[in-house]
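Here's a solo chain for you in structure tokens, the form predicted on its own.
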């Protein structure tokens, strides 16, 4: 019997073996870059070497045959060089500018849109949804596919005031991250507990410790060890469900979709910002989520028409103010938009970046 290979605990892998040779050769030595057209980037190094990058979008979840097709296109046009980005775009590296247009034509023939660069709507970053995640309240991957079908023109064109990054998250723990527009599932009822299963499935101290607002405590129900929820404290975040599936929080009626805007990680022109809630209670209406798509497209249309050049969504809202944002977008402002949770100060003071 062959000896099992020990796991290689090396941390983040070295990117150099996977880079285009021109990237490797000139790493940190680029002197000029430009954006010739949507989906195409150009870099020139101090050595005089040139590299063009062509970016295309995908359906995010890809089968083996699609990946093989992309590799065949790379073999034909870019000497086999391609890479996948964090947002599941595909970037082809070329050293011959004459191959750019044939590559774009070939990608278009097979249904891969070229774009997502500069001041466009980039591909949506998202969590795994129903296909891979064990705790989803919605299908983040499906929301991405449905929404990007609607935003195709904004992906292949550079007509936005600045880049627009979107994210979707299939749970309120939100590994979707900060974004100009974020689509996040919203549980509106505390979990329903199957007390017959808790003792056999859950490590109760871990579940109690997992709750961010101390709303869960051990209990004895029908003579069996179980858990109980203080519904006055519960914020319906769903953090208890991963370590204890009998605490079922997903609900076809009460799990909704919320939309947040104005988040960004960039330090360019303004500081990083947290996104803020602007729409809640939207139906979790698979497989196309039309209500979510309508709200996102409305926000983008107003932003595109009203923002000044180079303003990200957060910068635009800072300039016009939140009252004008709700007025221009026609979104209703309700009591749920007011952050009045009394424990927020303690939570924020736990951060190394925010103190008050």
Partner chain sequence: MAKKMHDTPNLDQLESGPWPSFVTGLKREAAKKDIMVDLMGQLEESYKTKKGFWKGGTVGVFGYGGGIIPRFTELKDANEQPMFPDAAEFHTIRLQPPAGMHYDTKTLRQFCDIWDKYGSGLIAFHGQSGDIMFQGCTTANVQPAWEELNEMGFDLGGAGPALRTSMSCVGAARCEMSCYDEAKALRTVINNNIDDMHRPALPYKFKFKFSGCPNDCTNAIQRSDMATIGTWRDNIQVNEGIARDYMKSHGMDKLVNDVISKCPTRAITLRNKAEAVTSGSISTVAVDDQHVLQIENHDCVRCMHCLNVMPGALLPGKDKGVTILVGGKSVLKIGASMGTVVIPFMKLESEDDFEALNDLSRNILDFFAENALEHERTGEMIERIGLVNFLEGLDIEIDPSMIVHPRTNPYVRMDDWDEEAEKWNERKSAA
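Everything numeric in this text was worked out from a predicted model, so none of it was measured. Numbering follows the first chain given and starts at 1.
Not pictured, yet referred to below: the form predicted together with its partner chain.
Although the partner is absent from this view, residue 120 stays clear of its partner chain in the predicted complex, with no non-hydrogen atom inside 4.5 angstroms.
Taking the partner from the other structure, its partner chain in the predicted complex has a heavy atom within 4.5 Å of a heavy atom of residue 43. Within 4.5 Å of some heavy atom of its partner chain in the predicted complex lies at least one heavy atom of residue 172.
Contact check for residue 91: a heavy atom falls within 4.5 Å of its partner chain in the predicted complex. When its partner chain is considered in the predicted complex, only one residue from 149, 230, 159, 101 comes within 4.5 Å through any heavy atom, namely 149.
Along 36-75, these residues reach a heavy atom to within 4.5 Å of its partner chain in the predicted complex: 41, 43, 44, 51, 53, 57, 58, 59, 60, 61, 62, 63, 64, 65, 66, 67, 68, 71, 72, 74, 75.
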